[in-house]
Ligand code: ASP
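As structure tokens, one chain now follows by itself in the form predicted on its own.
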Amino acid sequence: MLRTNTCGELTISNETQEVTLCGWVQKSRDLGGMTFVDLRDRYGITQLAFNLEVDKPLCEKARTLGREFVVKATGFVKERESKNKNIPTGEIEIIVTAVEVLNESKTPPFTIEDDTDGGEELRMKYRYLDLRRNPLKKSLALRHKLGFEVRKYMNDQEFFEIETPYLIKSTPEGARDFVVPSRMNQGEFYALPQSPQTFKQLLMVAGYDRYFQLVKCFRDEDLRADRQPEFTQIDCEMCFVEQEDILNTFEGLMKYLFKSLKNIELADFPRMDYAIAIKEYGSDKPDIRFGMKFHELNDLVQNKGFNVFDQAELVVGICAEGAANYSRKQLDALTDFVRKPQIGANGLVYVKCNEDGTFKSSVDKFYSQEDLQEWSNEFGAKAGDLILVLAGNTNKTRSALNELRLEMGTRLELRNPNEFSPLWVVDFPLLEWDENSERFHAMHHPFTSPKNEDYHLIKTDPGKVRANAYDMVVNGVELGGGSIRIHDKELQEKMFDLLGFTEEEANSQFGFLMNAFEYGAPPHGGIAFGLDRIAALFGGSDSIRDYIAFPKNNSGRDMMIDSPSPISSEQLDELQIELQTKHV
């Protein structure tokens, strides 16, 4: 080793020891007779001291060390006169006797500091420099620890970690696949896996009754702060289990992770039916750290002459406690918020519950004080509260009110990032109707089992069939989801038929799985968690990018290596791919 110690471990107990450190120059300070250099590595920072009177050539050499130079320094540990209590090594410094420049550095395009002056695009282009900053070091350290603890828990629960293929068959359900052309099989393509779903089911058929994998998955979809084209799942499957067994096992995993990484003891997770989540929160991943449940008002507000409400499919609102003091400017800002294209509401109605027992609303022209009192009673509102109401198409209005509820939760400081409120959302619909294709799609995937008590509805009313499916939600973030799977070939064939597959299409896409079901497939089920999302939640961030070493931007590009990029005509010829040139 070129070094005897790291830059984060020396303390006063090491005084007088001769040590050799290696690292990057964080900054230097020339104070005339003395020059001080902060040397940084992954573990921390140690101050190097050079004395002009003791060794003039060495001190002059120290003054030539630029930011981010890679340096090897040897010297003796000495107690500092001016101590820095903000870092673990702040009681000591190294009186340098020899220094060697291992590599020089150009001036970085942004400062390598906790609070940098570099914009996101610039930092992504020079990601290897950005990764030197402490916030990213802490994020990746958290991710490492998370993966380690996941493996420890799963091993203790007798799960096998088994790798599944990355080059697989493209399937039509779900998000778009990334496809990979095959040189040896001209005109044919692999797909990168959106998940190892069918392979983990095959492992259950093979008798490996407890499987897991920290696996890279790929989806060619539009990106957001919590999505990347490639991401990591904690992928799990068990056989000879029912839904309750899955929930208990992986609730145990999450409790273990919170205790191990954050020293937080979580209580048992509540369960919430999907239908209730949608009706009361407008979302299948509700943030239950605060109230503001939805209240439907159709019976109270319609047929009063206000066309917006009279013509609406749904009139629904929330009550924001203590917000009746909102100014007109603040209320206008809320109206602008719900009218954003991504929210999609046409407008906002408010009612202020005044301290004197009267009401002030934006629809006073249509509703009397007695009417507004009935609204207040419905919400259980009290003096000082603010009622906010939206109206329109049922699904669109619930979705918009969910966004408004979250916005109010943020504005009223009810979404404490240090408070964690997990729950299971259960009893999802098995199918959802798509107006464009005029057919049913699987809400989760085609292998999800219907609930036994709804099985009789499959032929007569498939839209009402509930799935044996479940999502784990924490603070409004879906951390993972799964289901009990179909393990019977006949039922799987019925499911494919419901989804509009012909027999030939089903056999072509999934014949291997249905064939396996004929060789003793056990009852099985599983779940998959987003490792990146869990890391971001534990780190208190809305974005997963800082928990991935080399992420893509919102356009799916790697700014550092400039990918995706064209390939050579020779490679295209080998693959027998001809690109079409667009003419303007």
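Since the model is a prediction, treat every value here as computed from it, not as a measurement. One-based numbering along the sequence shown.
One more form of this protein should be noted, the form predicted together with the named molecule, which is absent from this view; the next part is about it.
For the chain shown alone, residue 482 is a contact residue for the named molecule in the predicted complex, at least one non-hydrogen atom being within 4.5 angstroms. Using a 4.5 angstroms threshold between heavy atoms, residue 402 stays clear of the named molecule in the predicted complex. The shortest heavy atom separation between residue 233 and the named molecule in the predicted complex is within 4.5 Å. The named molecule in the predicted complex comes within 4.5 Å of no heavy atom belonging to residue 111. The stretch from 407-415, 441-449, 490-498, 134-142 that comes within 4.5 Å of the named molecule in the predicted complex, counting heavy atoms only, is 441-449.
Against the named molecule in the predicted complex, the set 40, 47 and 80 makes no contact: no member has a heavy atom within 4.5 Å. Only one of the listed residues (298, 509, 84, 195) places a non-hydrogen atom within 4.5 angstroms of the named molecule in the predicted complex, and that residue is 195.
For the candidate set 352, 466, 219, 398, a heavy atom within 4.5 Å of the named molecule in the predicted complex is found for exactly one residue, namely 219.
Counting a residue when any of its non-hydrogen atoms is within 4.5 Å of the named molecule in the predicted complex, the hits in 518-535 run 526, 527, 528.
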